[in-house]
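Subsequent text provides structure tokens for two forms of one protein chain, presented individually as structure 1 and structure 2.
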Structure 1
């Protein structure tokens, strides 16, 4: 019988918390409160008629959400969805093909290329925004879709690295079995590789989506038409030189974060499942 189990009639051992465990738990609680405080402020300020930088008891109102749901702000939210979806497709599909090539093929100088890709994933976009703006202006591409393509390309280095690691975990026996059955490379990619490394592909796609969703400077500079501006620029519009509408910022931030929350909830089951390779070789 395991020592952790007590016999019938014996007293249940009482767990005694050491000072070290108490200190660690208190520290974790303080960290949790530190990270929860901005969310609490968002919830309170979004329904407060006189919202400010301080967290205080609100005077309840729904006027802030009326501002958040007006036509211009909803159009900006739609622009953000279009921007992020296009950028995610532009980044994820080519990155998956490139990651397969790096994982399965012998490419001269592959390690150096992978290190370069990993280095490029850490280069901030802001240092390139001026030359990119000049190129976009010369090509007359200062609009939504070209900006989405640009943001998708900037996410490709990191996505290639993530998807390659996912493909490396897939046994080569599966591809060899498919080749014996005379399956084409496209069929192998679609029917064998893609389903098995789907969690890795989706993790990379979520990164690309979030990377575009929260971008402020590139859309502000590269999209000249105010009708096509996304939500981060719309949030910036609540701040003027004279006054800052904290309540509207809080309400619209909650609306703006909703698609991302839905995305994580939908993908949670996929990530919990992980890589299911058991019995696949058989």
Structure 2
């Protein structure tokens, strides 16, 4: 029973459509088309036996995915995983410790140093390739692990910035209260600081992981052994081969891109979940 039946007065007409609104929504549909078309191609081609660059009705098959999961390709994926995990550890652990110092300690010239660090995070990595290649060649480490360390270092400036912001948000009161209870600096870091800035550290770590996972040029140049190459280089190989199997490339690209999408969703959840500070400060 609608309540409006019992109310006096003439109902006011509601304006639903206006030319402006129609135009806006049409434009939005066009934008959606613009963004989604290449992605739709990727999805369709990955399940098509006769995939080409055309967007056509697929002859459904899982064969392309079988190729994507073959031994060589899986090894490349494994290399990507190894590369990203090592790089993330190399980046995140020193960055967290440095970020704490930047947040809490008195350091001469701190603001200048922080600004330079922020500036470093905007430097394109391609300029470092040649000198690093020289250094690695001289040190005979043109392989996976040293490359992973290098990629970790390139992610450090941004990670320091993110983690420092997370630590800044923790009230100083908590550390002072712990100091009054005779807690040592290690205990304060482990029991008080780390749990509270964990979302920030995780976000920084996920950034480091995604950054390394998607990196193409450094592994191309710095890893000489094809057996150790990660997925981006493998995909490059497929694209420049004599015979290009679009279907397999599409399927493999999908598999390769999935971890990134999952991690991004996790990161978005972390920030929406907010921080655990409610209740610490009145």
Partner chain sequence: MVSSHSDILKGRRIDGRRFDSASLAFLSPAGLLLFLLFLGPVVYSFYLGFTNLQLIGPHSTNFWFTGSVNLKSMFRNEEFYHSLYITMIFVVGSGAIGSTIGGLVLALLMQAGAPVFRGIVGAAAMLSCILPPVTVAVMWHASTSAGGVFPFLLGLPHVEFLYNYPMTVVSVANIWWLCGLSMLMFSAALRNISHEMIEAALLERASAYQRFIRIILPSLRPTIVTSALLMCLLSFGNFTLIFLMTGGGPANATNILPLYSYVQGFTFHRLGFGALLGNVIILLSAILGSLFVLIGYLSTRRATSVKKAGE
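Under this definition, the rigid core comprises the largest set of C-alpha atoms superposing within 1.5 Å between the forms. Residue numbers count along the first chain shown, from 1. Source: prediction; values computed, not measured.
Between the two chain copies, the one drawn from the form predicted in complex with its partner chain is structure 2. In the core-superposed comparison between structure 1 and structure 2, residue 224 has its Cα shifted by less than 2 Å.
For residue 69, a C-alpha deviation below 2 angstroms is recorded between structure 1 and structure 2 after rigid-core alignment. When the rigid core is fitted, residue 260 shows a C-alpha shift of 2.6 Å between structure 1 and structure 2.
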